[in-house]
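Single chain ahead, by itself, as structure tokens, in the form predicted on its own.
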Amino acid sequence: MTRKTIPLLAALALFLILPQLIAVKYYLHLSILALIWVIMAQGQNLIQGYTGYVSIVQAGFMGIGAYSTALMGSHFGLPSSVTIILAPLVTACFALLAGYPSLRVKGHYFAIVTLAFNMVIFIILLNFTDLTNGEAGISGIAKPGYGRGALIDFNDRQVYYYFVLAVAVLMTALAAVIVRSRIGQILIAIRQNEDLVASVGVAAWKYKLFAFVVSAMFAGLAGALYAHYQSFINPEIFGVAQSLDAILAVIIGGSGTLTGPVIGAFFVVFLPEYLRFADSFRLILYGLILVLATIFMPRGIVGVARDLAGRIRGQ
């Protein structure tokens, strides 16, 4: 066992016993949402943290995944276990269509183009009422394994927690495999100097498109899990504000690290709840904390922790 694996195993053990440590059920609900956001943030980290392209469309992709699984279940009668698997694939198809033109530009232009895509997705979800029910949304979305004879009762919040935890661990492991592969090394090289990567004959656009589509699949899966957990969806949760939260989760946790999105996801889900004491000033306080954290912790919480650990070892 290496020195790096011990904290990971300790964190996993903490997540496994977390439901037993939580006395208030509402915090278990927030933990489930945070784990769903872990999946979303890991995808965001692939395109933002490792490739260096800030995408502002992840909440839109999350919406495509959520509506895909709900509509496939209600219109085609497919079981939830199948629609949850198909939802990321449907999202990937949309990401291919959006990614090819978007990735022809860089920097702020790419961010603006993806922002426009998120707004288009939101407007379609809001106005294509024949399919999405518009602002009223879709209710009664069945949980996985729902029905007579189901082996596992996913209506039990604790069961759903462990289900989402398993998926979050699996997707984090998948992200780790990608970033430690040759593809991941090229993505990092693109972030550091894209022109140099292109000059040695590597088709950088293929790798950027790969990162964009895979990040969208992560978001689509997160959306599908969210839809089946809440049993209700409407366009409100899939707007630009949520895409910005995904970006902040990566920045605050630690951009370009695997641990950062996990910490950042819990941060953006729990912090607004802890600020409820501030009532109408809550969002102002939330924004102020995020701005200060971004300015004074450019490497995120993981970066600060590493600096502290380095100083302790140096003493």
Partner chain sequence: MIEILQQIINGLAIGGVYVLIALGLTIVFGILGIAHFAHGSVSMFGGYLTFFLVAQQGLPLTLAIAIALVVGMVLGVLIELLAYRPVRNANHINAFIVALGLTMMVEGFNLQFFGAEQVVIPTGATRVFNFGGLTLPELRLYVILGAAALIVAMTIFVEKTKTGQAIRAVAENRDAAILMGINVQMIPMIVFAISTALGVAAGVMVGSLFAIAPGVGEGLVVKGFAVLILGGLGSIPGAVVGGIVLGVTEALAAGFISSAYKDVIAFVVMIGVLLFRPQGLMGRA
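All figures in this text were calculated on a predicted structure; none of them were measured in a lab. Positions refer to the first chain, counted from 1.
Quick note: we don't show the form predicted in complex with its partner chain, though the next part is all about it.
> Among 25-33, 66-74, 53-61, 256-264, which stretch sits within 4.5 Å of its partner chain in the predicted bound form, heavy atoms only?
Replying inline: Flagged stretch: 53-61.
> Among 170, 123, 198, 188, which has any heavy atom within 4.5 Å of its partner chain in the predicted bound form?
Replying inline: Answer to the contact question: 123.
> Considering 166, 93, 116, 159, which brings a non-hydrogen atom within 4.5 Å of its partner chain in the predicted bound form?
Replying inline: Spelling it out, the residue with a heavy atom inside the cut-off is 116.
>> Each of 104, 251 and 287 having a non-hydrogen atom within 4.5 Å of its partner chain in the predicted bound form: is that the case here?
In response: Each of the three qualifies.
> Would residue 271 count as a contact of its partner chain in the predicted bound form, using a 4.5 angstroms cut-off between non-hydrogen atoms?
Replying inline: Residue-level check for residue 271: no, no contact with its partner chain.
> Would residue 295 count as a contact of its partner chain in the predicted bound form, using a 4.5 angstroms cut-off between non-hydrogen atoms?
Replying inline: So residue 295 counts as contacting its partner chain.
> in the predicted bound form, does residue 205 have a heavy atom within 4.5 Å of its partner chain?
Replying inline: Taking the distances in the predicted bound form, the answer for residue 205 is no, it never comes within 4.5 Å of its partner chain.
>> Just checking whether residue 244 would be counted as a contact of its partner chain in the predicted bound form - the rule being heavy atoms within 4.5 angstroms.
In response: Residue 244 belongs to the contact set for its partner chain.
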